[in-house]
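Encoded as C-alpha cells, the following chain is the form predicted on its own, with no partner shown.
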C-alpha cells in the first residue's frame, strides 16, 4: 500500500527503513513541543532571555532559517521571471524548503511572543513606526504564497491526478506561478531588508548601528544581498545531501554548477559591500559615537577572528571557489563552498543577534554572556526536526526532482 502512494517512476526505500529514519526526528520534535508547552504555560522565565537579552536563540534561528529559505523566492524569481530553465529541476525542492523555513520561523515566533492568542494584535493594532510590523505582514503573506506554491507539488501526485477536477485545478494553478513568484520576490525582498534594517537603526547599540543610504541603513541592503547570495547555496547543499542519503542521482551536474555560479556572483558582491560597510563603520561610524572599533573585540569569544571568519573564510573563499570554472566542475568543491557560505550567513546572524546584545553600550555596563536554556535549545531542535520530517515525507511521496526518473539506471 505504501508503494502505491509513491510517485510513478520513483524508487524509495522500504517503509521499515523509512520509519527507522524518521523515529529519532519524531522524538526530537516531541521533546521540543514539550519545551514549547512549558514556555507557553509557565512564561518566558523558562528561558534565559531577560531585559538585556530580549533577542536570544529563537530570534537567531528565525533570522538564519529565513535567510536560508531565501532560495525559494530567488529560485522562483530566476526560473519564472528571468526564465533560467535549468532551475526547473530544483524548484519543487526549493518551494518545500522555503515553506519549512518560514513556517518554522512563524511557529517559534509564536512561542517567543509568549501569548500566541494575542498574535492577531500585530495585524489589528500595528505599530506603524516599527520595521517589525512590515516584517510580520510580509512573512505572513509570503508564507501564504509558499503554501499556494506547495499545492501544485502535491497535486502532481499520481493518486490525485486521477481526479479530473484536481487535474484541471493543478493546470490552472500552474499558470499563475509567475504571478506568485513575482509577489513572493517582492515580499521577501522587503522583509529580508527590514530584518537587517532593524539592527542598523539601533543608535543605542554602536556595534550594530549603521549610517543610512537614503532612508534605510546599510544593513537593510546587506541582508537582502546576503540572503539572495546564500539561497542557491542552500538549495545546492540540501540537494546534494538528499542525493547522498537516498543514494540516487537527483539532478544533472550542470544544475549544481549553475547554482554555484549564481551564488558566487552574488556572494562576491556581498563580500565587497560588507567589506566597504565594515571599513566605514571602523573608521567613521563607531568613532563618531565615541567607541573605537577595537573595543568591541576585546571580550572573550568575540575577537577579530569572528569578523575575519565571516568575511574571508565564509565569504570570500567560497565566492572564489564558485567563480573558478575548474573548481566548479567538481561537486566536492561546490558542496564545500556552499557549506562555507551557509555557515557564514549563520555566523552573520549570530553576530547581529547575540554579540550585539552581549557588548556593553556604556562605560560602566558589564559584558553580558548568554547561554540558552534547555527549553530554548529543545524548541530549536523541534524546528529542525519538523523540517527534516516534512522534507523527508515530501521526498518520499512527491516528485521533488523532475529529472530523477530520467537519471536512474534501468
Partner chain sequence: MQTNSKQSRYGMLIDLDRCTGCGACMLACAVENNIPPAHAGTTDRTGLTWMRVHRVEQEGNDASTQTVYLPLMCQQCDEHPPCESVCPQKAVEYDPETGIVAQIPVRCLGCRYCMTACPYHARYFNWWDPSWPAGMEKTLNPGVSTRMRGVVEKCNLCHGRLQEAREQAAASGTSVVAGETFVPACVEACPTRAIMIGDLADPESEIARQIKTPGTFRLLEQLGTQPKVYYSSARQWVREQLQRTIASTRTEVLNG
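The term rigid core refers to the maximal set of C-alpha atoms that superpose within 1.5 Å between the two forms. What you see is a predicted model, and the numbers here were worked out from it, not measured in a lab. Residue numbers count along the first chain shown, from 1.
If you look for the form predicted together with the partner chain, you will not find it shown, but the lines that follow are about it.
Residue contact check: residue 303 to the partner chain in the predicted bound form, 4.5 Å heavy atom:
Taking the distances in the predicted bound form, the answer for residue 303 is no, it never comes within 4.5 Å of the partner chain.
Wondering, does residue 29 line up within 4.5 Å of the partner chain in the predicted bound form on heavy atoms?
So residue 29 does not count as contacting the partner chain.
Is residue 193 a contact residue for the partner chain in the predicted bound form, using a 4.5 Å heavy atom cut-off?
No.
Classify residue 361 as contacting or not contacting the partner chain in the predicted bound form by the rule of any non-hydrogen atom within 4.5 angstroms, answering yes or no.
Yes, residue 361 sits close enough to the partner chain in the predicted bound form that at least one of its heavy atoms falls within 4.5 Å.
Just to confirm, with a 4.5 Å cut-off on non-hydrogen atoms, which of 204, 325, 211, 253 contacts the partner chain in the predicted bound form?
Of the candidates 204, 325, 211, 253, 204 is the one lying within 4.5 Å of the partner chain in the predicted bound form.
Consider the chain as shown here, without its partner, and state which of 132, 182, 107, 153 has a heavy atom within 4.5 Å of the partner chain in the predicted bound form.
Checking each option against the partner chain in the predicted bound form, the one that comes within 4.5 Å is 132.
Mind checking whether each of 112, 121 and 198 has a heavy atom within 4.5 Å of the partner chain in the predicted bound form?
Judged in the predicted bound form, 112, 121 and 198 all sit within 4.5 Å of the partner chain.
Heavy atom contact within 4.5 Å of the partner chain in the predicted bound form, the stretch among 63-71, 381-389, 38-46, 340-348:
Heavy-atom contact with the partner occurs in 38-46.
Taking only heavy atoms into account, state which residues of 283-312 are within 4.5 Å of the partner chain in the predicted bound form, ordered by sequence.
The stretch 283-312, when checked against the partner chain in the predicted bound form, contributes 288, 289, 290, 291, 295, 296, 298, 299 at the 4.5 Å heavy-atom cut-off.
So that I can tell if residue 129 moves, could you say whether its C-alpha shifts by at least 2 Å between this form and the one not shown after the core superposition?
Yes; residue 129 is a residue whose C-alpha shifts (by 2 Å or more) between this form and the one not shown when the cores are overlaid.
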